[in-house]
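The form predicted on its own is given below as one chain in structure tokens.
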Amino acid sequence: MKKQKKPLGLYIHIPFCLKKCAYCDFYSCTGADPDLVHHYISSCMLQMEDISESCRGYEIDTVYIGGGTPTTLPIKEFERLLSAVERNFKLSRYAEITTEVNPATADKKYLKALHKLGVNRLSIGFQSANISELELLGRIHTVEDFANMYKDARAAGFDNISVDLMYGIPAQSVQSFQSTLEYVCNMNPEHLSLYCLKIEEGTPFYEMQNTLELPGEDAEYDMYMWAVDYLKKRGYDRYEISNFAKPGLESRHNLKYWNADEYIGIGTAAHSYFGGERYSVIKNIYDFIDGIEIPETNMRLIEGSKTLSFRERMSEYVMLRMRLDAGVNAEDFAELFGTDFHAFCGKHLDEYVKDGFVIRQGGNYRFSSKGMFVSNYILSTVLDFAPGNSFA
């Protein structure tokens, strides 16, 4: 009997952007010339060759191409990249293949070519239907660009589209956020991601944070709670803190992160969780290219490598699974780790049940909507007291 291959996700980082957004702390670069782009894709292809042997027992069932702005790539480079995936890995015929798209970087011809290459899911970075908010964020597209690209994507054959939106934008009101969400829902995408703006160190927003007119936590709470109720009425189930989907159309790739499943990252700044180890590739495109293409330089490509201890795997599982609307099931936890969930941290989650932050149904624990809004605080507090921690 043929041994079934284990599922594996593949993330490919494309670090090129036409312009850096004011809030973005992801590794990217602007103004790249075609030669640099070509060399970078070649290096990604070589990295795939280098790791392919260790993936022989796996089948790639999700591919996610993120950035940066992947659709700044010439379509020929996209073709090289996806050909390398098929050449070096066992790719499932039912694989979910997603690429991120900026509305100003893909026309109908480009989208048709992407679909023909096998890309079957788009994640469109829209953020807002308010032009002044888009300008404050440093986005290069307009609302009209988004509408045109969305129409072109449907015409190109894409029947699985996700749209990214942001709340907590400077000068944004609850009403303007509601208008954005209503506008997008009327276009009927299959998936929506709602991200609360975070001011990250090293970004332009960080340097100007004292002058930003931010909505405040109460307004952000109102935006989030309204969105959860509104999207439910429009047919979108929340399956993760920030993610909503029509039934059966959740992001299969992102679910790998929250289920603590294995995935491998390709390219500079890409992260992996493989063989019980978490690691990332160096955040420097030139060092990455040199390290891959000129091995004799002995360039260290991997940084932040860590093999998780048993307790770290348990804590991480709880931290990630509690982001999901399904939460953590005590029986599943016991089967995975041979440890009683209630003794590990369920008894501390119980303290949040009476105030409505956590919902407990038998052996299943999950956050309520208001619990999800403060989930990071609750989980960090609960896991600090889990057995094996110095504070327990």
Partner chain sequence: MQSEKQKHIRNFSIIAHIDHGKSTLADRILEYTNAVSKREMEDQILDNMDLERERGITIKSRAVKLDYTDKNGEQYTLNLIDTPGHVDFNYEVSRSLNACDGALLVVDSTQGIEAQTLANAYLAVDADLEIVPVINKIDLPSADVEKVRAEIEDVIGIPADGCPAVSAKTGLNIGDVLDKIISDIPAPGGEEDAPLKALIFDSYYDSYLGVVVYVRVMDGRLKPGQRIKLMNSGAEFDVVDVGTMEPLGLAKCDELSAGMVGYITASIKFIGDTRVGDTVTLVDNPTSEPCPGFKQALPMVYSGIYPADGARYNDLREALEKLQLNDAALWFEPETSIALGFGFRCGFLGLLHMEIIEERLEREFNLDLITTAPSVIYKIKKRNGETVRIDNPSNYPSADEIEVAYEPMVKGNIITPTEYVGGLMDLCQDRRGVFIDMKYIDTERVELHYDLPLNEIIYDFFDALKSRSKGYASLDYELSDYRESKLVKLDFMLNGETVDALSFIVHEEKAYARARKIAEKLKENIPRQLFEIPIQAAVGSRIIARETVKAMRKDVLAKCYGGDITRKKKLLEKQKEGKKKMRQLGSVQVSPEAFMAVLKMDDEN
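Numbering follows the first chain given and starts at 1. On a predicted model such as this, the values are computed, not experimentally measured, just so you know.
Omitted from view is the form predicted together with the partner chain, to which the following refers.
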item: Residue 352: touches the partner chain in the predicted complex, heavy atom cutoff 4.5 angstroms; value: yes
item: Contact test in the predicted complex: residue 308 vs the partner chain, heavy atoms, 4.5 Å; value: yes
item: Residue contact check: residue 316 to the partner chain in the predicted complex, 4.5 Å heavy atom; value: yes
item: Heavy atom of residue 357 within 4.5 Å of the partner chain in the predicted complex; value: yes
item: The partner chain: the contacting residue among 271, 234, 115, 246 in the predicted complex [heavy atom, 4.5 Å]; value: 271
item: Proximity to the partner chain in the predicted complex, single hit among 320, 185, 136, 95 (heavy atom within 4.5 Å); value: 320
item: Candidate stretches 143 to 151, 174 to 182, 236 to 244, 81 to 89 - the one whose heavy atoms come within 4.5 Å of the partner chain in the predicted complex; value: 236 to 244
item: Within 17 to 44, the residues that have a heavy atom no more than 4.5 Å from the partner chain in the predicted complex; value: 25, 26
